[in-house]
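For this one, two forms of the same chain are given in structure tokens, first as structure 1 and then as structure 2.
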Structure 1
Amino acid sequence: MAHLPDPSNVKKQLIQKYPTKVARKRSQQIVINAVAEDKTVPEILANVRTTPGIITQRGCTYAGCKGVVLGPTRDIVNITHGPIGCGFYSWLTRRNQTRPEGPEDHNFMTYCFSTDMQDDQIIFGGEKKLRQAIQEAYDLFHPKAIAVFATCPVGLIGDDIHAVCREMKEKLGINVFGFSCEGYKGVSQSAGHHIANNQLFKHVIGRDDTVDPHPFKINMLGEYNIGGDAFVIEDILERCGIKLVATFSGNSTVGKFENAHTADLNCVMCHRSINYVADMIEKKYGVPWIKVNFIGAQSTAKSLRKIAVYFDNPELTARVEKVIEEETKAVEAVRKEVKSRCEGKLAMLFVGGSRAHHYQDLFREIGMKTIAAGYEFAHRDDYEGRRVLPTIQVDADSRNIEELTVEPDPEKYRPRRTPEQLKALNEKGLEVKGYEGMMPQMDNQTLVIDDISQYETEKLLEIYKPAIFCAGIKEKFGVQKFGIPCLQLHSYDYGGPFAGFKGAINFYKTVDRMINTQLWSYIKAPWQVNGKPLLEAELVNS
């Protein structure tokens, strides 16, 4: 590893140009990592507002709700209630793949539905148009469910979308529900995830009690099937003999959500976007949850083993081990080769609310070091681990979002494991309901930066000149103008999948291709490199 600059110096450079107030706040969101013996880490400021005028990676509540959580479900007609833009921009842009079982099955993901509000609805209210739009959607498509998403102006003019939904549910006899996910609520997409989860929990989960007799039933939470990730995970689980009841929400259907509470274990991938659902299902139905990570070959193996430990069945364990063994061979061959070319190089990840953590495992596997990382919309627990949950102060922006009080269901509550069993599992090293967070897994003296700004990104690139930078589309081309490749980790640059063992191989190859191409070395023309003008004498002599 090349000599690295002193991180406290770097931090200074990142914030020195800011006006005092901004600098003060940013300095709490930029932390030099230091992991203690007991895995505690320094405190980071997260899930706070982005300062106006700062160029941020963040999106909005609507994007988190409609775009992230509900978007990937194929058989819901998702109507965006608002002016045309919001619906337009969330139309098919997240690469959520889906695979309807037959040609007759519903699939509305390729469609964009909007009430396209006009100024007279802004003045006189849009409820009438919304009601009519729901009716028209029903008449045209006869879907199982219709969901309505409120955008900024809707909240402001006070349309009661929930009343309209209730009324239309009654009238049409199908499930119609709404999301008050106006963009201004909360400080990022994260608020939208929360709102989405609450409504799914209230209106969908638990409506179908049919129990599959399969002994090893799980839900996968926080997996959105970007680039086919969920397909890879589905395949692995099936080969292991684990039954997937529902995935929230990649490649999903309403029917699967309705049945999700019958599973015996919830596996949480993206902690940030969905830990609420896991907690609520546990409280109401008695299903415990564990944190898993199917990004990275070793993490995938580890996650499969966690599931096996939970079910504690020799046959299942044997199948899991067999799958891991089979897959690992192929992975290792590629990994070793790629590692020889990537070892020691630097990576940076600034993306999502879990991705900046998960993808570090893949880089580690090929010998690369993550020198700086951070999330777009995480909370402190995603950085520092759930142990800080009791100390997180709820500010006004979070208080806006409904917090459901969940009680055990008088009929359906069935604890899958007794407290003693859970304790025993914990002793075996299976942390139930736990998440350690990103920082404890990062090296000391690395930089952890929450809600990174464009300015800080530029500075980091200048100072460290990493081999690769991972972010989203808005950052990509700016980074590449520095001559540094940028891998989009929201969309995988339209490659992938990157999950599971197959995905790990894809990822190694992608990174290898990106950082070891000769293309970047051609940026300067020969005359720009040896820019000395030819003397006339040289021409004459040649």
Structure 2
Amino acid sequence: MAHLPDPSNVKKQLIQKYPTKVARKRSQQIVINAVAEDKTVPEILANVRTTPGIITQRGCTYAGCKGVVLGPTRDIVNITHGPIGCGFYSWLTRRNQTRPEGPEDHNFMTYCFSTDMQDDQIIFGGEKKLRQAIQEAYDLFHPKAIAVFATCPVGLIGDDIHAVCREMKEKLGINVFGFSCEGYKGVSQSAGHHIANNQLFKHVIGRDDTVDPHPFKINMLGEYNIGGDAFVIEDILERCGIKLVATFSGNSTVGKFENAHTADLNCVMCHRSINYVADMIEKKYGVPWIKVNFIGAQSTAKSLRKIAVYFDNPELTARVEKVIEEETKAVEAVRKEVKSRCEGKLAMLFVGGSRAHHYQDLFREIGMKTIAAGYEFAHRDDYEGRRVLPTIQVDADSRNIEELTVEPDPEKYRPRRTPEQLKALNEKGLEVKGYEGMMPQMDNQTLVIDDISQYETEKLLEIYKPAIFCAGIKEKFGVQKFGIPCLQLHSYDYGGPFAGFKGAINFYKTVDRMINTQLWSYIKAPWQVNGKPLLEAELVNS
């Protein structure tokens, strides 16, 4: 591996052009990683509003609620209430995939529903139009449920979407519920995830008490079936003999959500988007949760073994080991071949959710080093581990999100494990209700950057010249103009799935193709060809 620049000097270069106040704030959001023996790491500033004027990767609260959490559910009609210009996420924008059981089953994911508010509704109110839209959707599609999402103008004019939903729920006899997920409600899309999950917990989970007699029933939380990831995981679980009750919310249905409380274990993939749902289900219904990661072959094997340890059944353990052995042969053959061409090269990951964390395992498996990483919408615990939750201050933005008070259900609460059994599992090495965070698993002297800006991205590319940069669609083309491949990890472009063993093989081959092609050496940005900037400006103080 080539000699790397001093990260302290890199950090200075990233913030030196900012005004003093902005530089001070960004300095707290850019941390040089240092992992102590007890796995503690430096504190990072996260989940704070982006400084106006900085180009960020983030999405808004509405994007997180409609676009991320509810978007992958196929049989709920999701209506965006607002002007169509605010309704980008009304239509499916990520490559969430779904698989209806039969031709008669509903699939509304390919449709776009919006009230398309006009000027007169902004002035006089849009509740009448929302009521009409719900009625029209019901008459056309007869769905099992209808969800309504508020955009910024709806919150500003004060439309009571929840009153309209209650009225239409009584009139139509189906579940109709709303989300006050106006874009300005939070720091980032993270607030939208929380609003979405709160409403699912209040209005959907727990409505169907039918218990499947299968002995090993789990839910998969925080998996959104990008590019078919959930299909791969479902196949692995089925071969191991594990029953999947519900996935939140990839390849999901309202019926599976309603029945989710009958599972015996919740497995949390993206803890940022959904760990509070796991907590609430445990409090109300008695279902424990563990952290899992099905990104990376070794991580997939580790997660399957964790599930087997939880159920403590010799037959299940044997089936899990058999599947791991069968899959590992094919994975290892590809991994060794690809590693010979990728080892020692640098990667950077700036993606939302847990992706900037989980995908480091895949790069590690083919010998690549992640030199810098960060999240778009993380909180401190995503970086530093769940242990820091008690030290995170509750600010005004956090108070925008409804905090549900949850008590054990007097009829449905059934603890799946006693406190003594959970303690015994922890002593056996199975951490229940915990996650380590990204920083303890990264190397020392790497850079951890929260809410990276476009300017900082370009500086990192100039300084490190990584072999690959992972981000979303907004950043992709800017990165490619530097002659550096950008792997789009929000929707995988046309690639994937990348989950599980087969996904790992796909990932190895994809990265190998991207970083070892000569194509990037031919790409020159216009300013590189001309030898001068296309546009210059000076700051003028009036």
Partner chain sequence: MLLRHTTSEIKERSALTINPAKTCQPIGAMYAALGIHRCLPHSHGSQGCCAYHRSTLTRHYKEPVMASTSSFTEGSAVFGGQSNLLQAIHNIFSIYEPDVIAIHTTCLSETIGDDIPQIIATARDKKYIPDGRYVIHANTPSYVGSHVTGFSNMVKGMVTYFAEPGTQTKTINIIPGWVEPSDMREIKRICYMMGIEIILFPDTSDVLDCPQTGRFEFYPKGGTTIEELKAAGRSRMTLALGRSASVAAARELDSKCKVACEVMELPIGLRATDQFVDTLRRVARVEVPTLLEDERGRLMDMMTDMHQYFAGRRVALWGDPDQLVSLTEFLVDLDMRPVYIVTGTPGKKFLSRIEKALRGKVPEAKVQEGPCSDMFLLHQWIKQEKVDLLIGNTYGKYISRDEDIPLLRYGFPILDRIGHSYFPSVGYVGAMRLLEKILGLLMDRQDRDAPEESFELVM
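Since we're looking at a predicted model, the values are computed, not measured. Counting starts at 1 and follows the sequence of structure 1. Here, rigid core means the biggest group of C-alpha atoms that superpose within 1.5 Å across both forms.
Form assignment for the chain places structure 1 as the one matching the criterion, namely the form predicted in complex with the partner chain. After superposition on the rigid core, the Cα of residue 19 moves by less than 2 Å between structure 1 and structure 2. After superposition on the rigid core, displacement of the C-alpha of residue 521 between structure 1 and structure 2 amounts to 2 Å or more.
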